[in-house]
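Only one chain is given next, in structure tokens, and it is the form predicted on its own.
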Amino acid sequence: MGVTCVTQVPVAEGKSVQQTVEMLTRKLELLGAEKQGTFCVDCETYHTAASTMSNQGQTGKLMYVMHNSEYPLSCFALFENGPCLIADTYFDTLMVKLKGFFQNAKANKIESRGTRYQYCDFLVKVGTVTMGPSARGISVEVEYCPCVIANDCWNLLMEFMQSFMGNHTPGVPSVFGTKHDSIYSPADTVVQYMELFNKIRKQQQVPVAGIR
């Protein structure tokens, strides 16, 4: 586990989501990156059940339950403006038993799925973000594997991302601001995906050009 940056890449003008993904992966392959299987990160949203709220005008809290194929035995629960809990996969079963307290907003399930690439010490994942049958955007995750301190390798990460993302290279992720010189963890990557998914949900209520 190294230091990871997760970002969104806009759909190229006049292209579909899938065509833009193919353009990105082609650039990676021209650099010499090799395919290393596939990946998936998914997120289900739960909201506080109405029966648990003391005041009728009170707004419910949100909780995001996420899975990352890099950590198949783990489940991540992120509370709105709160901590990230890392549990085993039986946490999903627990959520079913807690349906009197947390209700699953099934229409809000969102995931990113795509191909993993290895290039020297970098692991790159280019994914199509979908909600139901609709393609909503593109995610790019870049991990610098030998390092676990974000401040020590951000410039290197940014330089590599510029080689295939050009003007769409992101700024420093907000999660890095809280890390300083502490060790980067898998939960930090999941937080970045949660922020990305929420951003994509807010950006559009209608799907972008679909997968072809």
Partner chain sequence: MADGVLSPGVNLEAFSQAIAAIQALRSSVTRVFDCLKDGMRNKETLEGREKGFVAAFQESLHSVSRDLGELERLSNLVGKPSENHPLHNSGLLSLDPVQDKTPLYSQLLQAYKWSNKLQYHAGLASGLLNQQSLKRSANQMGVSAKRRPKAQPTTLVLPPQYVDDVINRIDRMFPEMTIQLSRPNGASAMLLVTLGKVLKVIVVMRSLFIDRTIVKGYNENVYTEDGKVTDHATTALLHYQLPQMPDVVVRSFMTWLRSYIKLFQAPCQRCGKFLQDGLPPTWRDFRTLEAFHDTCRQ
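Numbering follows the first chain given and starts at 1. These figures come from a predicted structure and were not determined experimentally.
Omitted from view is the form predicted in complex with its partner chain, to which the following refers.
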Study note, to complete from the structure: With a 4.5 Å heavy atom cut-off to its partner chain in the predicted bound form, the contacting stretch among 62-70, 164-172, 150-158, 41-49 is 150-158
Revision key, fill the gap. Its partner chain in the predicted bound form has a heavy atom of only one listed residue within 4.5 Å, and of 87, 120, 105, 94 that residue is 120
Exercise for review: Consider residue 186 of the chain shown here, and say whether it contacts its partner chain in the predicted bound form, taking contact as heavy atoms within 4.5 Å.
Suggested key: no
Point to revise | residue 181, heavy atom within 4.5 angstroms of its partner chain in the predicted bound form | key: yes
Practice item. Classify residue 144 as contacting or not contacting its partner chain in the predicted bound form by the rule of any non-hydrogen atom within 4.5 angstroms, answering yes or no. Key: yes
Review point. Who in 1-26 is close to its partner chain in the predicted bound form, meaning a heavy atom within 4.5 Å?
Key: 1
